[in-house]
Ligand code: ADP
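Taking the form predicted on its own, here's one chain by itself in structure tokens.
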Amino acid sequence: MFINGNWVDAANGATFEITNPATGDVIGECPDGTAADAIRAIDAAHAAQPQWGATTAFSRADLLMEAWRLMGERAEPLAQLMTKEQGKPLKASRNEVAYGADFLRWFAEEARRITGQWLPSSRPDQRFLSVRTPVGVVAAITPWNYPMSMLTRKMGPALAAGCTLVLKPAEATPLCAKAIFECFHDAGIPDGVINLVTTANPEPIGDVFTSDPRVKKLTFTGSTAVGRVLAAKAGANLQRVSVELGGHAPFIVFPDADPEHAAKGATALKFLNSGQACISPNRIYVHRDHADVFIETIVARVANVKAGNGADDGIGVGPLVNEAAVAKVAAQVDDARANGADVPVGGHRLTEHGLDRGHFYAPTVVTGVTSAMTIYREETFGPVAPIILYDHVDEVIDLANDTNYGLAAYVYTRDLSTAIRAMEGLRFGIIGINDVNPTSAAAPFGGMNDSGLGREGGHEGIDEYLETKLAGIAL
């Protein structure tokens, strides 16, 4: 772990093993931290906060730029580590390293844009000055599916704003977190400003994060169920909270769209990271008039997606994170079959050619999906594309909105009016219009309803880590 500028063991000396999800091989071990270690880390962050908060925005920006440079310099070993620990194909890991580094550069620039303003008063002898100040110590909890970019998306704005930070990475991917912290350490981050607590049992760490009064903000990316628990606990102590949670994204192919082009886009997006992405399309709505062409195209493309160890050439889909994830995907597909769906490609666990050592499920297409099926209502988080046919354009937006989630949605159309009306009617925080990658460090990311609170990235991203302070000045 990294506490107060030093690499340290857990206070009790315990460790836990890290395995490669593609092979089951043990690839390392990490300290198995407890509540006591989380308190040590908060001690360090709290002690470092006054001095770090008082540094100039230009100094903080320079440090973030140096960390960005080091991530670029180390891009290939970082990507290799991510593939070994998380499982995604090496090409995807390389893309994530570049995406994660972008957050450091973006928020280095945003640090210099933190400004205040003079405000008018009704009194001639009074002036108001509004300024932005760091919220203080931040507790961050990050997921395993994007184990580097989800760190930098939180660390970048927190550090740019002048906050110190304690981070608990997912228990499945702590080595990726360690590698990112090494970049910051080598960039010259002052002692205590960033702290890393690894653990195989996250609940006690979360309890400390949400109960210690010195922690002024909690930021979490993960499941809606866990996010609700953490937000409730943090709310009891009036901590600021931002949570990026699950999704159940609709992918709407309007009648005027090119169904072949839309099917290619859906395939590229759905099987990214083996479907283990909160913005992955989970309900693909295709107009009945285009169903044959769309299904033929997506089935043919999915049949050619090669699953396997992400370190091997030509792999399009890597392993799922663990056995529980495989079981969940299999249960949803089996339930769909039992309720009348067809599975023209995939629909089974992969065990041949040594894949039985890992957690693999075949890239799958399910057709004839209805609202009676579990997959229609629940996030899959796996390599399964469920296709739902619709008949009337005026009903599809209501169908898409029929969920408690509200993170991402996708629209394929060649009509500008249709695109704008769909964007305005969909109750989701991110909408891709003929675009399967509507994300960027420069753009706000976040959802509505059960998909979370707050935004990461963009101009809004740094606001989550700043307080407004007002001075009333009598002349």
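In case it trips you up, residue 1 is the first one in the sequence shown, and so on. Quick caveat: nothing in here was measured; it's all calculated off a predicted structure.
Beyond what is shown, the protein has a form predicted in complex with the named molecule; the following relates to that form.
Stretch 165 to 173 is the answer when you ask which of 188 to 196, 165 to 173, 100 to 108, 287 to 295 has residues with heavy atoms within 4.5 Å of the named molecule in the predicted complex. A residue is said to contact a partner when one of its heavy atoms sits within 4.5 Å of a partner heavy atom; P344 fails this definition for the named molecule in the predicted complex, lying far away.
Using a 4.5 angstroms limit between non-hydrogen atoms, T219 is distant from the named molecule in the predicted complex. Contact between E203 and the named molecule in the predicted complex is found at the 4.5 Å heavy atom cutoff.
Shown alone here, A92 lies farther than 4.5 Å from the named molecule in the predicted complex, counting heavy atoms only. A single residue from the set V215, A307, V366, L230 has any heavy atom within 4.5 angstroms of the named molecule in the predicted complex; that residue is L230.
Residue in contact with the named molecule in the predicted complex (any heavy atom within 4.5 Å), chosen from I315, I375, I141, L320: I141.
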